[in-house]
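Here's a solo chain for you in structure tokens, the form predicted alone.
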């Protein structure tokens, strides 16, 4: 089926070319980092996880969100998700690909990945994160490809795929739970030391991932002859609504716990994010933008008339996606390092090369996603 990705109109080829250019620029910046090391980034002794790990954390959630279409369709036989399930699985493949690439660039030297395999440490959360991420990538490739191939041939997918589908459902939850444990298990980082970190991660994942999937479904419908189905989009928008409400509620719980208890170490990170701390306020505009976008998204999603209108639904989904990106893909990681163990504020700003590498990784993910969606849409059109 790969040959289907080689044919398309001029818009398709222009999009692929643009992505390849961005990938090339990102790779060129990565070669500089490979030569000079992580000194070209904005990271330091005090902020050792930066933009790379923040993007990784956010994208794990996007990948995990595929379970929101897989679970209803395969486990509860909700037929309306049948047309959109393959889009969710292929979105998971592209998202996990980006996750792994962000880990590679954050390591500085890619050969350090071998340390995890040569010297496995099962008592480390990082070891299990490697297991669940690679396992989830393998599961979605295997399931999505075999189900699509069977649909193209007009037959039922092989029986051995069914257990893998059932396995992928708890596995999807595990990838973001284990990632949350990476943060919640560090006692010196007060902003991350919360029992609801995994719950926060899953709630934001089930909001941002399906929101992106809805936007992608609209794009697929516009640029191909494959229609993912209006009913599936309506049900996904309801999932996004509830997940977004829960996600914002969980953020509010963090505020209550920190400021009602008046424990300084728990208050400082939130103060830094929303009002600034000791004159340092780099992230304040971004976090207030998160709050504004979250409110806009909730207003549009909770109201049935705006949620069922295509134009306002697109605005709401974009607001959900970018608000969650700001909260988890920008603020969460950095705020955990502020203030440092010496109670000093050392701000972090990603460098231009760092941003170029991140842009290259995102372009690579969208390149993979475009190829997979082109194949899926072509098969769906043929079957129709």
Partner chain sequence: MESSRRNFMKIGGACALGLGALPIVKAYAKNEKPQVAPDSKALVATKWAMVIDMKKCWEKGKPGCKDCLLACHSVHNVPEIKTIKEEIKWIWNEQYEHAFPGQENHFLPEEIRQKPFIVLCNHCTNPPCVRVCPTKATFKRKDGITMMDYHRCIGCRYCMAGCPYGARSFNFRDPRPYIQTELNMTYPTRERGVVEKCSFCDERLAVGLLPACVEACKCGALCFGDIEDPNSEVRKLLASRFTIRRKPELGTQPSVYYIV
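Numbering follows the first chain given and starts at 1. Quantities reported herein were computed from a predicted structural model and do not represent experimental measurements.
Here the subject shifts to the form predicted together with its partner chain, a form of this protein not shown in this document.
Engineer: Answer with one of 314, 308, 156, 112: the residue that has a non-hydrogen atom within 4.5 Å of its partner chain in the model of the complex.
Structural biologist: By the 4.5 Å heavy-atom cutoff, the listed residue in contact is 112.
Engineer: Only one of 352, 359, 34, 28 gets a heavy atom within 4.5 Å of its partner chain in the model of the complex. Which one?
Structural biologist: Exactly one listed residue reaches within 4.5 Å, namely 34.
Engineer: Consider residue 318 of the chain shown here, and say whether it contacts its partner chain in the model of the complex, taking contact as heavy atoms within 4.5 Å.
Structural biologist: Flag for residue 318 set to no.
Engineer: Just to confirm, residue 285 within 4.5 Å of its partner chain in the model of the complex by heavy atoms?
Structural biologist: Contact with its partner chain, no.
Engineer: Are any of the heavy atoms in residue 106 no more than 4.5 Å from a heavy atom of its partner chain in the model of the complex?
Structural biologist: Yes, residue 106 lies within 4.5 Å of its partner chain in the model of the complex.
Engineer: Taking its partner chain as it sits in the model of the complex, is residue 276 near enough to touch it, meaning that at least one heavy atom pair lies within 4.5 angstroms?
Structural biologist: Outside the cut-off, so no.
Engineer: Spell it out for me: taking its partner chain in the model of the complex, does every residue among 42, 49 and 119 have a heavy atom no farther than 4.5 Å from it?
Structural biologist: Yes: each residue has a heavy atom within 4.5 Å of the partner.
Engineer: Can you pick the stretch from 73 to 81, 211 to 219, 148 to 156, 185 to 193 whose heavy atoms fall within 4.5 Å of its partner chain in the model of the complex?
Structural biologist: Of the stretches listed, the one contacting the partner is 185 to 193.
Engineer: Go through 309 to 344 residue by residue and record those having a heavy atom within 4.5 Å of its partner chain in the model of the complex; state none if no residue qualifies.
Structural biologist: In sequence order, 337, 341, 342, 343, 344 come within 4.5 Å of the partner.
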